[in-house]
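Just one chain is shown here, as structure tokens, and it is the form predicted alone.
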Amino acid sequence: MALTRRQLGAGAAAGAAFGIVRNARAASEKVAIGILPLVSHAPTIIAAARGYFAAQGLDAKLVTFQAAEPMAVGIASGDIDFGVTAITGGLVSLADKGAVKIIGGSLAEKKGVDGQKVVASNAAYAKGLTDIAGLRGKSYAVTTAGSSFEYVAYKAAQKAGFPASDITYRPLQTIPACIAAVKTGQVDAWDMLPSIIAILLHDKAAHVIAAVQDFIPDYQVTTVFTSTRNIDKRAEVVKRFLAGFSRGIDDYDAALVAKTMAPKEVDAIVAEIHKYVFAGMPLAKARPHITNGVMHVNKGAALNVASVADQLAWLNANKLVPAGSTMKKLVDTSFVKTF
């Protein structure tokens, strides 16, 4: 499909504690980047910590959110410049208004790499919720209507052969609230990243009933997005952001997925991620949660447009976005490779 508008710059080589030599231009262009406190956002954290944004002349500030939809609102309002999170009805609605656009891909399901899991609460599991067919008539945690969690539940129902309307969706606004609801049995089921599911399993608070990649292969879980204002007026900043982010992806992959990076470098990267992810735990306790159960992130922020189109079709069919919302309004394919 579409190739990059230009090859994303490689940034600068390494110096200081992480071996990065700064680009000759000063880090003077301020950008705010939205993240969630999840291992899946490690590429952004790594790019900031290792100077990859600075090497592109960007003074990057990371801003933490607790759900995807508020991040999209933050992009539209100008409070942040870039976000990396799941597609939601709110994001598509803002895109329909011409406020935001997806410009790349990030987290994705990939065969052979760990992925998201659907879990049942202990109470629901004891009552027979042991596979996705059992979701019929059960409650399912979502952050907001039209969130990625609702999309996963819909695809699970589709795979199992019953109407997704037979699932009761419980909007809980934030990921911590979803975790608490599963632990206390206030909801029957939920889906989440393997690093979070591992904690629920460790605490014996839930049971895995399905792997998401078994019924949504090659799912583009999260995307990179920015405001149309940035695309129109600061296109060079967008390219430079993607160049720095892409180097963060490469290090994330080498350190945590492919595991080809030297142990000392991995330790340094894990320490930086820990400042934002599982920060309430001591580093020694948080480390296995960070290093285990990581998922694939698309190299170069490549975007699976077929997966995005499927998510948009679901949102349109269920009237969770303005009627006739289109891929043209939602996605700008000129910055990264697409497939």
Partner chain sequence: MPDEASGPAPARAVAVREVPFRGGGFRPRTNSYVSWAVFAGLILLWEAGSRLGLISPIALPAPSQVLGALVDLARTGMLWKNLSVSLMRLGTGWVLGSILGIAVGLAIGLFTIARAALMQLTSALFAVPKIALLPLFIVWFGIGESSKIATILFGTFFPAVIATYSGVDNVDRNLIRMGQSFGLSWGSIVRKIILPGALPAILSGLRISSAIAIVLLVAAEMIGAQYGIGAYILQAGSLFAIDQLIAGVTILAVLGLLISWVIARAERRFLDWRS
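Fair warning: this is a prediction, and the values are worked out from it, not measured in the lab. Here the rigid core means the biggest group of C-alpha atoms that line up within 1.5 Å when the two forms are laid on top of each other. Positions refer to the first chain, counted from 1.
This protein has a second form, the form predicted in complex with its partner chain, left out of what is shown; the following refers to that one.
Note on the partner interface in the predicted bound form: the residue among K97, K127, H202, K264 having a heavy atom within 4.5 angstroms of its partner chain is K97. When you look in the predicted bound form, the only residue of A145, V208, A254, A268 with a non-hydrogen atom within 4.5 Å of its partner chain is A145. Residue contact check for L320: one or more of its heavy atoms lie within 4.5 Å of its partner chain in the predicted bound form.
Y169 belongs to the set of residues with a heavy atom inside 4.5 Å of its partner chain in the predicted bound form. Using a 4.5 angstroms limit between non-hydrogen atoms, A181 touches its partner chain in the predicted bound form. In the predicted bound form, at least one heavy atom of V73 sits within 4.5 Å of a heavy atom of its partner chain. Proximity to its partner chain in the predicted bound form, taken as heavy atoms within 4.5 Å, picks out 186-194 from the listed stretches 151-159, 236-244, 110-118, 186-194.
The candidate spot formed by E29, Q56 and G57 lies out of contact with its partner chain in the predicted bound form, as no residue has a heavy atom within 4.5 Å of it. For Q213, the Cα coordinates differ by under 2 angstroms between the shown form and the other one after the core has been superposed.
Core-superposed comparison between the shown form and the other one: the CA of T143 exceeds or equals a 2 Å shift. V100 is not among the residues whose C-alpha shifts by 2 Å or more between the shown form and the other one once the rigid core is aligned; its shift stays under 2 Å.
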